[in-house]
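For reference, the chain that follows is the form predicted on its own, supplied as structure tokens.
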């Protein structure tokens, strides 16, 4: 199959389908797997949407969230495995084992760092998000689109563009959003659940972060370090803290913001954000990660103190700071 063909045309009523995305799912990954999953349920009787871990509670409102399930290794085989919003098969976590049980792997993504690991690779780095890319593939089947599918795709575009302020937002992005809104999606419900429903503990945690983050390299970099102990102290979940990086990125003079999240005693998730010309995708690659020019990440082994030192040293090497 050519990468220019639409993989939706391959799906038949009897097709056995798996849909998966990366570990630590964000809005774009969740919106894309749900949007595509709900659509394919109109065609196939056997559609399975898997996540690697529990769905963050702020996404519970999304149509189709009841179909999400954590994959349990069994003997089930699939005709097609759609891998969405994932630049590298190693980022699939436990779901990576599904690939070897699938006859055809269809890799759909918008990350410049994608390794083209699928049998079919549909990679478009000009798209704001994987949700926008999915919508471009589904538009030929307009009679099978509905409010629920549109809601999931709109949410993914909204979050991956930073509410349409990141420079991955294009004229085509706004056209796609305009078309999705024609399905009478309830934007208030989306906004309330994503941005206006924070726990009191998460706000208190934000206060702690704003009082304790580190400024490095004469104000050019800001660093937030979140340990397991700190999460326990404020009684919040790991997925509640992603937005704090934006607060320190927005400080005048800061060119790059870094968030370190301690997953376990020997594993750390790194998030990078930039707002000028620094390519944090290149920086993330140093740690076997990837993403976009202004937003990227990685997971690394090691204690959080060592990881912090390694990042600071890498910044010195790469940027001459």
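Just so it is clear, the model here is predicted, and its values are computed rather than measured. Residue numbers count along the first chain shown, from 1.
One more form of this protein exists, namely the form predicted in complex with a small molecule; it is left out here, but the text below deals with it.
Just one of 55, 41, 254, 295 has a heavy atom within 4.5 angstroms of the small molecule in the model of the complex, so which one? So the residue touching the small molecule in the model of the complex, by this definition, is 295.
Residue 101: heavy atom within 4.5 Å of the small molecule in the model of the complex? Close contact is absent here: in the model of the complex, residue 101 is far from the small molecule, nothing within 4.5 Å, heavy atoms only.
Check whether residue 271 has any heavy atom within 4.5 Å of a heavy atom of the small molecule in the model of the complex, and answer yes or no. Heavy-atom contact with the small molecule at 4.5 Å: present for residue 271.
Does the 4.5 Å heavy atom contact test between residue 249 and the small molecule in the model of the complex come out positive? No - in the model of the complex, heavy atoms of residue 249 and the small molecule never come within 4.5 Å of each other.
At the 4.5 Å heavy atom threshold, is residue 148 in contact with the small molecule in the model of the complex? Contact check for residue 148: no, nothing within 4.5 Å of the small molecule in the model of the complex.
Among the candidate stretches 108 to 116, 167 to 175, 196 to 204, 225 to 233, which one is within 4.5 Å of the small molecule in the model of the complex when only heavy atoms are counted? Every other range fails; the passing one is 108 to 116.
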